[in-house]
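So this first bit is one chain, no partners, the form predicted alone, shown in structure tokens.
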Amino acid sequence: MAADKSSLPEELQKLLQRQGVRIQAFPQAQNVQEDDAGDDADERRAKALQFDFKPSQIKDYLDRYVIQQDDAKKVLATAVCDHYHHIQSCQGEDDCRDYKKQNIILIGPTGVGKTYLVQNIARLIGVPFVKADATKFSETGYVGGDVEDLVRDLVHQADGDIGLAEYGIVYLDEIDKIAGAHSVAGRDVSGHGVQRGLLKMMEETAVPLRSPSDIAGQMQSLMEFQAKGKFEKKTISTKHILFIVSGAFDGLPNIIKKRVGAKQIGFREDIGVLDKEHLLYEMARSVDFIEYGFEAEFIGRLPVIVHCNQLTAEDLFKILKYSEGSLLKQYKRDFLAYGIDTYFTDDGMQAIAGKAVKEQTGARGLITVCEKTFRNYKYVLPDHPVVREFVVGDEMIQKPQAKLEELLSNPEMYRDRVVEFQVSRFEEKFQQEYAIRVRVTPEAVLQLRRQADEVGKNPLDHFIEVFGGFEHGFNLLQKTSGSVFVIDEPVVEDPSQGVDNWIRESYQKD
């Protein structure tokens, strides 16, 4: 924070220094800089509010990152579209006073993708996103200032643009931890106090940009008064901020079961709905959350109830193999930092998923299993002079130390498998880049690997570079449907001649 040091009393200077506030000369021409920043902020805000998504488009985007949870994705996508379309309509002359904001409550066990769903929605829309745990506020009681910091954090995420922050998303996890103790006499002052603090913000209120308990912020206000001759009370409106809360809600199924009762199940009784926890969660109603320990006014501000199912071993396998946010990409990057490439087989990924589901922590169990498996690999392999690749199969997951010792004694043990992987990768990459089907021989792969090592490049990147610059020829070949072109050693050695031969052969067939 900047200030005119000479204008501050000595005692105030000492106070600021104890608070960690840096004191220096106040910058000149500040008003001009703020005006310029305001122009940029308006552009960013307008871009973020150009919301033209349909629910199906948001779900398609979420499908790329989150496996399963189809019902949750549909409900979330629809609620988000309703919310931001409403914001757009409020920019015109429509009367928005009667609109009821569709804040969301997400139910589901740990590691099923609740946070990941919301993060990806915020990223797609381009609005600021803030996440916090409700337990952080459990000891604040009736003091709402800390709860208001959630909204202030949106301003930080929006790079100081209050207007953009007012259209952001606040995500509060572990909300079930602030439920009142409904099983004991008296009221849980801490939990109910936080509920009331959140209740005020979830509807519509003006949150001061600077917290009254923030000494540094108050000192900054004082210095701005000295510089400009007036106080500026900046606030953030929560009217259009979307609030999403989530929790595991252990024990909620028992409350639902008690309310519904076996006799009221009707035709669903024969499938054992009372013994299927995920079906009980789908039947959750506001009265169940009130019984759980939430105030009626609080739960009434969360009209959209979304349930995420527990993940199976098959779900975890699909997360590893198909999700664009797969954990295996992180481990691949970790080893590539040491010049070591990793390849994951289907049976290896299934073994990881099988162990992870026993952890009972959802997708978080995947990182637990991977850390246990690869801990010694990360420590030992970077110092090995020869090992530069390995394949992760079922046996490595079941006996990681034994396979590590085998790899150290025989660094070439995976060479044939790696060639198979690279053949497949090269063929897929070629079809993605040029829309042409090719078959790469193992000998050509080894030749490309040798060339890549000589120039210090990744084999896959070198492969695409070798065949770059032949767009015209590839366009001609795309007209040949069903043809598969062979990339062998002569083609790698002279790609220009190889492409010419492919064109000649394709036209001779026609």
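One rule holds for the numbers: they count along the sequence shown, beginning at 1. Just so it is clear, the structure is predicted and the values come from calculations on it, not from any experiment.
The following text describes the form predicted together with a small molecule, which does not appear among the structures shown.
- Partner contacts here mean any heavy atom within 4.5 Å of the small molecule in the predicted complex, and among 383-391, 337-345, 286-294, 109-117 they occur only in 109-117.
- Think of it this way: in the predicted complex, the small molecule has a heavy atom of just one of Lys378, Lys200, His156, Arg364 within 4.5 Å, and the residue is Arg364.
- For the candidate set Ala165, Met396, Leu311, Ile104, a heavy atom within 4.5 Å of the small molecule in the predicted complex is found for exactly one residue, namely Leu311.
- Although the partner is absent here, Glu148 is not a contact residue: none of its heavy atoms lies within 4.5 angstroms of the small molecule in the predicted complex.
- For the chain shown alone, Asp173 is a contact residue for the small molecule in the predicted complex, at least one non-hydrogen atom being within 4.5 angstroms.
- The closest heavy atom approach of Val66 to the small molecule in the predicted complex falls within 4.5 Å.
- Shown alone here, Gln350 lies farther than 4.5 Å from the small molecule in the predicted complex, counting heavy atoms only.
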